[in-house]
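Next up: a single chain in structure tokens, the form predicted alone.
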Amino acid sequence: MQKFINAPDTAVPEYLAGLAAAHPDVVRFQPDDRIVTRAAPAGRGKVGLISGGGSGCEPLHAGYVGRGMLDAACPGEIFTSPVPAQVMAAAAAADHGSGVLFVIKNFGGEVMNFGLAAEILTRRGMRIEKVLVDDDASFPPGLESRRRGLGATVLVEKIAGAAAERGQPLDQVAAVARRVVARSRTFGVALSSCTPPRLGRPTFELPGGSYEIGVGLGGDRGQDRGELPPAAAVADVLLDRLVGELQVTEGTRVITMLSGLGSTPQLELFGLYGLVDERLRARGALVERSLVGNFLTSLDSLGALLTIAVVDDELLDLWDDPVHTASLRWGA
């Protein structure tokens, strides 16, 4: 294992300290609570948004703290959920008097620890709404409870964050977040595993000439494995279940996001996106906005996650609102 780290135990806090040092106008790192907050907290009355999860998936979630997205994030250890104390500290930092929305990915540890924190804070008088992100289309209908929270998390944080920035009340911010989840699906493939620093080796071995189909985050195996075809066929694999479940047809308006998993070269990522875009337009879909890059990753894995969200005027308008974070910014 060769990595630019001092030690596995210090990799996460050193990353967070470096993020804050590189973007002092955007975020602050609070090492005692192990949370990241806005450098300039929002004004009184704004609904707060927090999220968190295992580190190693950067820029999720600390990279999305800032105006128009999250008020605070609580990163856990690599591929490990944050503990309830972190969640409560993040919620306290995000509470501006109008309640806090918890954006929770559907992983067991995150659901449990965010849920425990919500129970405690609710008893203390804080207004909490929870939104569960479960856009993973690698599990077919009938296995929805196993669907992980993937790329839709970024879209939820952006769109719900914009609603909160506009001054919408907690129930409306939560409702728009749930609408984004319901209209979004993600499917991923990978050409390699990743190497967590504590483990010191890849989480699984992949024979040459093959690829994992239906991957998530955290270096986990896919739902299937096959012989690696040309990129055009990979684009079809990424799209197949998404367009079916979302019923993408002539005139369907969508936002697309193709995220690399950490080591995917831009040459390959943009080439793959071009094939995806071509196929969507051939179906008559209206690709209103797109993102291509590393937006949620799995350390040094080589692969891609495709997210499609069906949008309307309201969701698109919120998407276009200004955002200023370390990893996503426009109009601000």
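The numbering used is simple: start at 1 and walk along the sequence shown. These figures come from a predicted structure and were not determined experimentally.
One more form of this protein, predicted in complex with another copy of the chain, exists but is not displayed; see below.
Q: Give me the residue from Leu242, Ile255, Leu132, Leu191 that has a heavy atom within 4.5 Å of another copy of the chain in the predicted bound form.
A: Among Leu242, Ile255, Leu132, Leu191, a heavy atom within 4.5 Å of another copy of the chain in the predicted bound form occurs only for Leu191.
Q: Heavy atoms within 4.5 Å of another copy of the chain in the predicted bound form: which stretch in 123 to 131, 94 to 102, 150 to 158, 257 to 265 meets that?
A: Of the options, only 257 to 265 has residues within 4.5 Å of the partner.
Q: Quick one: does Leu306 come within 4.5 Å of another copy of the chain in the predicted bound form, counting heavy atoms only?
A: Output for Leu306 is no: heavy atoms all beyond 4.5 Å of another copy of the chain.
Q: Gly108: heavy atom within 4.5 Å of another copy of the chain in the predicted bound form?
A: Flag for Gly108 set to no.
Q: Is there a non-hydrogen atom of Thr203 within 4.5 angstroms of a non-hydrogen atom of another copy of the chain in the predicted bound form?
A: No - in the predicted bound form, heavy atoms of Thr203 and another copy of the chain never come within 4.5 Å of each other.
Q: Though only this chain appears here, would Arg281 touch another copy of the chain in the predicted bound form if you measure heavy atom gaps against 4.5 Å?
A: Answer yes; at least one heavy atom of Arg281 falls within 4.5 Å of another copy of the chain in the predicted bound form.
Q: Would you mind checking 99 to 127 for residues with a heavy atom within 4.5 Å of another copy of the chain in the predicted bound form?
A: The stretch 99 to 127, when checked against another copy of the chain in the predicted bound form, contributes no residue at the 4.5 Å heavy-atom cut-off.
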